[in-house]
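Here's a solo chain for you in structure tokens, the form predicted on its own.
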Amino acid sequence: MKKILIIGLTLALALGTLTACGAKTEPTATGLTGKVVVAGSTSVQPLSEELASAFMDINPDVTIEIQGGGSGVGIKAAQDKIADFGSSSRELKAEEKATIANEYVIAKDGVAVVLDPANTVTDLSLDQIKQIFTGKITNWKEVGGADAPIVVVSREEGSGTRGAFVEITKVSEKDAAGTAVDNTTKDALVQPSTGAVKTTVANTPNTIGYISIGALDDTVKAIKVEGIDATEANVLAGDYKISRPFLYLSNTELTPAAQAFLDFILSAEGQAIVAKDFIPVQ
């Protein structure tokens, strides 16, 4: 019976107990066999789970194990060769790229800036967004809205969505030592998931937050950024600036099962699954 093992970050990862990842059983006449471990981004995790389920329907003797923990965990898992694929929902930094042999873009995602539906503001510049999320702009009248205090809603530290958002908008900047510092206002309401951000923004007056474009619905109001709508077409065209890739990373030669899983993800069938909530790359 096929099974996806959904496992959060545990001491097992830290202790390297995943060193058996990628191990496969002897092939049989019935087809592909083995085990594939994917560890990392919680933003990529639900997509990985759906792709794994579809792949195992076709290959019932392969087990795909999906682990969370965040993009940082995924990058380290690839660096240390303790998973077949590390996953990340942000671009790799230059120093990280130097330590990763293979980087596969499996999907793209845009991060939409969302307001409560009653807000009259329709467009913000990247600099205005930065000033709001760092607490420099605190009233909607400063950006053409009503005279009301701005309520900032953010994701938790370690979130791939937050990492992408603060880097692109320059809410996060390097200090004198070259270390990236996240300057999100301490007054922000911090939420642990995309759904929690959306619910908070939808039900709290004068709020502003950010969620994946794929999670947009009519409960919140997505605004333009630099005059550009938050749409999939604009992300693929490179016009919408707050966007990110979904990456699979590897520092090892892929096992037959891992290669087959990657091939499936990038196939028409796999990319059709991606297209349900995100932006296909093939």
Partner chain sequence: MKAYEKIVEKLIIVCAIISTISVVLITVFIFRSGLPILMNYGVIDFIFGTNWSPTNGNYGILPLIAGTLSVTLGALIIGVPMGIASAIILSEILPGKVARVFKSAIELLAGIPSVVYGFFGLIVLVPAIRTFILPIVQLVVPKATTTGFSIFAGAIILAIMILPTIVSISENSIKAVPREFREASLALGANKMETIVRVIIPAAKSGIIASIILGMGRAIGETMAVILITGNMPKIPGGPLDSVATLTGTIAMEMGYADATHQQALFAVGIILFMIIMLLNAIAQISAHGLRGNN
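Model, not experiment: these values are computed from the prediction. Definition used throughout: the rigid core is the maximal C-alpha set that superposes within 1.5 Å between two forms. Numbering follows the first chain given and starts at 1.
Keep in mind that the form predicted in complex with its partner chain is missing from the display, and what follows is about it.
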Q: Report whether the minimum heavy atom distance between residue 138 and its partner chain in the predicted bound form is within 4.5 Å.
A: no
Q) Does the 4.5 Å heavy atom contact test between residue 209 and its partner chain in the predicted bound form come out positive? A) no
(Q) I'd like to know whether residue 157 contacts its partner chain in the predicted bound form, with contact meaning heavy atoms within 4.5 angstroms. (A) yes
Q: Report yes if any heavy atom of residue 243 sits within 4.5 Å of a heavy atom of its partner chain in the predicted bound form; otherwise report no.
A: no
Q) So which of 126, 121, 151, 100 reaches within 4.5 angstroms of its partner chain in the predicted bound form, heavy atom to heavy atom? A) 151
Q | Residue stretch of 218 to 226, 232 to 240, 251 to 259, 64 to 72 approaching its partner chain in the predicted bound form, non-hydrogen atom distance within 4.5 Å | A | 64 to 72
Q | Stretch 179 to 200 - residues with a heavy atom within 4.5 Å of its partner chain in the predicted bound form | A | 180, 181, 182, 186, 187, 188, 189, 190, 191, 192, 199, 200
(Q) With both forms fitted on the core, check whether the Cα of residue 111 differs by 2 Å or more between this form and the one not shown. (A) no
Q. Does residue 76 show a Cα shift reaching 2 Å between this form and the one not shown after rigid-core superposition?
A. yes
